[in-house]
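Given as structure tokens, the chain that follows is alone and in the form predicted on its own.
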Amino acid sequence: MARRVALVGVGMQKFDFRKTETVEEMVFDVARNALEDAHLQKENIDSVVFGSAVDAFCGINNSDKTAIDASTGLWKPTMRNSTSGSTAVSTPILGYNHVACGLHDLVMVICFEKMSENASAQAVFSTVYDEAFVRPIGLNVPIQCGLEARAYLHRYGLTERQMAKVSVKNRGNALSNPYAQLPMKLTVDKVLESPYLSWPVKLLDTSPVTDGARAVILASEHVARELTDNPVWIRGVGRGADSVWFMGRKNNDLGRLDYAYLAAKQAYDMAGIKNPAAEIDYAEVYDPFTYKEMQHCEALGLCPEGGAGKMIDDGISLKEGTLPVNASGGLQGEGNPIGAGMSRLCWCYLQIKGQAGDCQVPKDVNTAVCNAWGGMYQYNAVMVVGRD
């Protein structure tokens, strides 16, 4: 039987478009912060799990190897995980497995990205497409997401105005986040007036290119009980995927993320959650585009399928709403450093601990959920965390 695993510390730093720190310096910063938060020394850590997207972003082959010493990982077992944007949650799931199976008692999980080290993030992303059948037609991330957004809005009768409200919410929430890259006070009309990247996705529907890092420390139950009287447990994990080839997916309706529903079901079954909308107190939902937050809210069961528009219209997902989503600002406001989007898990932990500062929601948070989306834009990873 799997051992119980707790989050016992997090390490944070400010996200920026272009950080002057090296990868090693970013990793050292968040690792030190996580150790201080957990009241541990580097010698206490048994192993380190790294997460980042493709090495081309950092411009360093095997970029995790450059950060081993800075991460407390010298002379210890280390492992690298890379599933594009979903790295943000698939990496702590990998760390969870290391502890749950009995291999280690204390695991440092570090996710980082230095996207400013390349001339164009979109050019790097475009290299993942099939070079014979897909790349020649010019498909890229904005175009693919535009296709998906059109299918989603059409399927459920949703609107660009509802998408814009997500941008207003998240960038406004980021004004309270000291680590945020792009806090903004917006209006719906301002979002709607921003230029289209690929209809219906506009500039202010997207998240920024970002440098940054995050760390979490995971502990087995007997160690966690020694460190804190109030552990935050990993209660459920789930992962779902479709074909990496865009034109060959079994999910031929891009408006519904079947793989995200699958990942959520796995996590909720493990956590014993039957009615997420009633049992989840807080959510950090992966929102590289505004419509993605809406799709993920539905897949995570935070609202009925097709109900994300009503959720934002009725204020349910606002910071003061009945089920707050992305009070930190999400990727839209805090920044989108691919793997370091593990910030979603960090904020769930802080909300449960009551340590989210000005981002703290005005309700008790006992159970929270976070997710991440990526791979070849067909993979979802979900984690449910909470108190005893």
Partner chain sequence: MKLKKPEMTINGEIQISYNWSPGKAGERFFRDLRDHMKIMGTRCRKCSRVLVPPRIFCEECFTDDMEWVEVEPKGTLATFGDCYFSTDGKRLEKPWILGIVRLNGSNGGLIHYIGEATAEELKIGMPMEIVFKEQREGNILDILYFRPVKE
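Keep in mind the model is a prediction, meaning the values are calculated, not measured. Take the two forms, find the largest set of C-alpha atoms that superpose within 1.5 Å, and that set is the rigid core. Residue numbers count along the first chain shown, from 1.
The same protein also exists as the form predicted together with the partner chain; that form is not shown, yet it is the one meant from here on.
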Identify which of Y156, F246, Y261, W233 has a heavy atom within 4.5 Å of the partner chain in the predicted complex; exactly one of them does. F246
Could you check which residue among L197, I316, M270, L175 gets a heavy atom within 4.5 Å of the partner chain in the predicted complex? L197
Please identify, from 180-188, 161-169, 136-144, 273-281, the stretch that has a heavy atom within 4.5 Å of the partner chain in the predicted complex. 136-144
Is L254 close to the partner chain in the predicted complex, meaning a heavy atom pair under 4.5 Å apart or at it? yes
Using a 4.5 angstroms cut-off on non-hydrogen atoms, would L227 count as touching the partner chain in the predicted complex? no
If we define contact as a non-hydrogen atom of the residue within 4.5 angstroms of the partner, is L192 a contact of the partner chain in the predicted complex? no
Contact flag, R150 vs the partner chain in the predicted complex, heavy atom cut 4.5 Å: yes
In the predicted complex: members of 50-86 within 4.5 Å of the partner chain, any heavy atom: G59
Given a core-based superposition, decide whether the C-alpha of Y377 shifts by 2 Å or more between this form and the one not shown. yes
Compare the CA separation of P195 and R18 in the predicted complex with the one in the displayed structure, and answer closer or farther (the difference is at least 3 Å). farther
Sense of the change in Cα distance from R18 to T72 in the predicted complex - at least 3 Å versus the shown form: closer
